[in-house]
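In the block that follows, a single chain appears as structure tokens, in the form predicted on its own.
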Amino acid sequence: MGLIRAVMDTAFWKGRQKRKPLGPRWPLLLFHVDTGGCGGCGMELQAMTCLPYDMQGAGFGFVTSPRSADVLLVTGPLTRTMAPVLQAAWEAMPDPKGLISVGACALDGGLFGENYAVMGGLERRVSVDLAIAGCPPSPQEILNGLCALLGSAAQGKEKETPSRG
């Protein structure tokens, strides 16, 4: 078992530094809702949980209930069927909460135009805290976006806190 771990570490972690959690609360808990589409973004999110992307080490984790989530992560275009589900998930989340759209479909509808079944993307309907573009975005792009969001939140908090001296 030790030999397999050494080979995997050498193959995937060579030259990589482990990321340090950036935010005040670690890990930042994400609840994923796929509102429709091809499923490509969902597969990239699943890939983020495996090597070589250290999602847990970077300070993020997925939860199965919106009641324990900090951020709602949405993939796919907003369909009329999933709109009430998305609304219920948002309302079940405790405050403070955030909204992240992953992929072109979640942001502006992507390939799926507005019609009788699809309402389009989230950008014209609600305020999105972070939009990660791409069709689909790579796991590294998603992780970089999440880290940038956490980093900007941590920097903003440092600026707001008066210094003692």
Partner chain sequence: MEDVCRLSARVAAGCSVAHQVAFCQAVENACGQNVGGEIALLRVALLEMERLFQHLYTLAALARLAGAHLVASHCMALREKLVAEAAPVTGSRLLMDVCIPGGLSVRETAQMAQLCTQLYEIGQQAYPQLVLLWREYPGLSALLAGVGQVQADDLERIGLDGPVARAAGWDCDGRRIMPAYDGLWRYTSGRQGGTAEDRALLLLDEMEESLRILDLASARIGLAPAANHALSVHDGEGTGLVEGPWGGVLYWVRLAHGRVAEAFCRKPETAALLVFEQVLPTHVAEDVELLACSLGVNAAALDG
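Residue numbers count along the first chain shown, from 1. Keep in mind that what you see is a predicted model, and the values were worked out from it rather than measured.
Although it is not shown, the form predicted in complex with the partner chain is what the next lines describe.
is_contact(Ser138, the partner chain) in the model of the complex, heavy atom dist at most 4.5 Å: Judged by the heavy-atom cut-off of 4.5 Å, Ser138 is in contact with the partner chain in the model of the complex.
Check whether Leu51 has any heavy atom within 4.5 Å of a heavy atom of the partner chain in the model of the complex, and answer yes or no. Because a heavy atom of Leu51 falls inside 4.5 Å of the partner chain in the model of the complex, the answer is yes.
Going by a heavy atom distance of 4.5 Å, is Phe31 a contact of the partner chain in the model of the complex? Phe31: no contact with the partner chain in the model of the complex.
Whether Gly120 contacts the partner chain in the model of the complex should be assessed with a 4.5 Å heavy atom distance threshold; does it? Answer no; every heavy atom of Gly120 is more than 4.5 Å from the partner chain in the model of the complex.
If the cut-off is 4.5 angstroms on heavy atoms, which of these, Leu99, Cys38, Leu107, Met55, is the one near the partner chain in the model of the complex? Only one listed residue qualifies here, and that residue is Cys38.
Residue by residue through 97 to 135, tell me which have a non-hydrogen atom within 4.5 angstroms of the partner chain in the model of the complex. Sequence-ordered list: Leu111, Phe112, Cys135.
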